[in-house]
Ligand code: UDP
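Next up is one chain by itself, shown in structure tokens, the form predicted on its own.
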């Protein structure tokens, strides 16, 4: 099956490209390289440097490559930035996605896997979070993902475009080969920030609040290895290929770790101290976000294979010798 992977030069997208190639899929990458890295795309994979806002270029691209399925990662993904620049996020994430979905429907593509987010649940009413939790996003980034899920649902009903929306919890880690990993500018994710501090690249890590109703007072999150995410995308495409109905599925491990637990684990694996400073809470940070992943196990036959120690070890090895 020939698959277009948008955002395939980005963090999760590049790992997904590697996984799909290993499983014998033909892959074409679409990325405008505004935030991705060309070095993350294998040389034997065709890279189309196109912006999804250039709507007139999308149908010709899909037809040129005879694309049969789409895995859609391309999006801006900084919560804080989305609050400061919502216009940019709605245009890039919603309009760009709409252009792609419309082009896919017009030429009859029936399989679409969408990179969504657990941020849709906002401050959840229950933990662990199932797909039955109410959708109440609290920032523009999450609202853009909600809108794209709504577009997909409407196109599924009207035009038969079948989809799976995968709602990630906290993506982390790197490929064990060390060939690809996490490289953001600016970096906002906890595990790379803690690792960079352990490696002496940062003076300290800021811990936003230690007065939450958790065992050590710091926020708890569900960290999932990027290769486990990639495996889930492959299984989601297989699920659609088998003729199953469109749906949304959480991707997480079902286990949570606090900020201070992450710091301690990095100190242990890196064998280096991590200096941190407790500062005020960030507005909108829930105390605990942990996935109920029963639906992923049932429908996709998927379960995460990597532990927190694997996530940190693989990320540490990447950050010691980044390729881009």
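The structure presented is a predicted model; accordingly, all values stated were derived computationally and were not measured. Numbering follows the first chain given and starts at 1.
If you look for the form predicted in complex with the ligand, you will not find it shown, but the lines that follow are about it.
- Proximity to the ligand in the model of the complex, defined as a heavy atom within 4.5 Å, singles out one entry of 153, 127, 105, 190, which is 190.
- Between the options 297, 275, 282, 66, the residue in contact with the ligand in the model of the complex by a heavy atom within 4.5 angstroms is 282.
- Residues within 4.5 angstroms of the ligand in the model of the complex, judged by any non-hydrogen atom, belong to 200 to 208 and to none of the other stretches in 127 to 135, 242 to 250, 142 to 150, 200 to 208.
- Proximity of residue 259 to the ligand in the model of the complex: non-hydrogen atoms within 4.5 Å are present.
- Heavy atoms of residue 221 reach within 4.5 Å of the ligand in the model of the complex, making it an interface residue.
- The ligand in the model of the complex is approached by residue 170, whose closest heavy atom lies within 4.5 angstroms of it.
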